[in-house]
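Just one chain is shown here, as structure tokens, and it is the form predicted alone.
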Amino acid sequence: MLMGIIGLPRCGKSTLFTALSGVWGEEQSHPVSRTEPRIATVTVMDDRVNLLKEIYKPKKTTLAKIQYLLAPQAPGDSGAAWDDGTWNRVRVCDGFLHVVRNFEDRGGTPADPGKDFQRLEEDMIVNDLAVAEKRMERIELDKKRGKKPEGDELRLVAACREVLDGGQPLRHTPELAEHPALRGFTFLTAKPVLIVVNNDDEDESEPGGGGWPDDLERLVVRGRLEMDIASMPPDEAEEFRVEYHIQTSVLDRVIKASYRLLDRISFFTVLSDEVRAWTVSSGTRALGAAGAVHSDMEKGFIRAETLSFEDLKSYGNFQEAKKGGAVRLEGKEYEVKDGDIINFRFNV
């Protein structure tokens, strides 16, 4: 999972990135300049793993990871729209955290987060429109040379161009945004977006005003304050969270929101003395989950021995759960559920 952090200059993108990457001391790439992206890899803390450790007593536990990419600084830090090179660097992301400023900046400019959101959204639409039009031109040129377009590409790209030309992001048209034949275009507006409203230290409220899309989730953070808290020792950090009415760390909130945004779930395996969490898309079948663990498991899949986390918690251990009939043998078409503990039976 790779989430891109985007936003206009001086909105607090770097502050949010530091708050996310500073909590657990995770790996972070260090680019040579502000025009290069930075990536932080953070651990997805999951309380369910603690119970699995108590029950199975493994030698090793491996938690899931999620990466956050800080988009390069806009040229000149002037508030200008991003250039194509900047957008191309974030096209690889699975989704975006779109940070908007909800505080008066150093120059005294008042906040207008709804307008700021629309400004960058429009830039993304224009960029995607250019991609679609360029591809349409290439298809037409190929047709003149006697080369027919493959499959349904011409119709799909034309439909994208029509949506974008009407000023709408592709995510409003799921049949286009999620179409397998269009994945290679990595359209920016086809990706899911979480709006991160960056407030002042003392401001806990959501901003009013217009400009907000009804279909996007908003998460309010106090970036500068939460960046400072992320760098504190645990005891001191907890005192500040209580004082400023922050019940959950910004990292935990953003990770949970990222999982919701990308529609991801976690399942667990216990093998070779290791308890491990795996992240897959909601709706993944047992065969696909086996492939996420190892290609041999997918190739030689026989059955998935499955136990829900809640059943394991109720019975206390695997043996009792099996006696109680909670352990099931599922086929390759079984839809994996969040919290499933799975032992893949396979033969290669």
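Numbering starts at 1 and follows the sequence shown. All values reported here derive from a predicted model rather than from experimental measurement.
Another form exists, predicted in complex with a small molecule; not displayed. Remarks below refer to it.
Contact check for H179: no non-hydrogen atom falls within 4.5 Å of the small molecule in the predicted bound form. For the chain shown alone, P9 is a contact residue for the small molecule in the predicted bound form, at least one non-hydrogen atom being within 4.5 angstroms. Proximity of F268 to the small molecule in the predicted bound form: non-hydrogen atoms within 4.5 Å are absent; the residue sits far from the partner. Taking the partner from elsewhere, W87 is found to have every heavy atom lying beyond 4.5 Å of the small molecule in the predicted bound form.
Contact with the small molecule in the predicted bound form, judged by any heavy atom within 4.5 Å, is made by just one of D201, D273, E175, E217: D201. In plain terms, the part of the chain that comes close to the small molecule in the predicted bound form, with a heavy atom within 4.5 Å, is 223-231 out of 150-158, 186-194, 223-231, 166-174.
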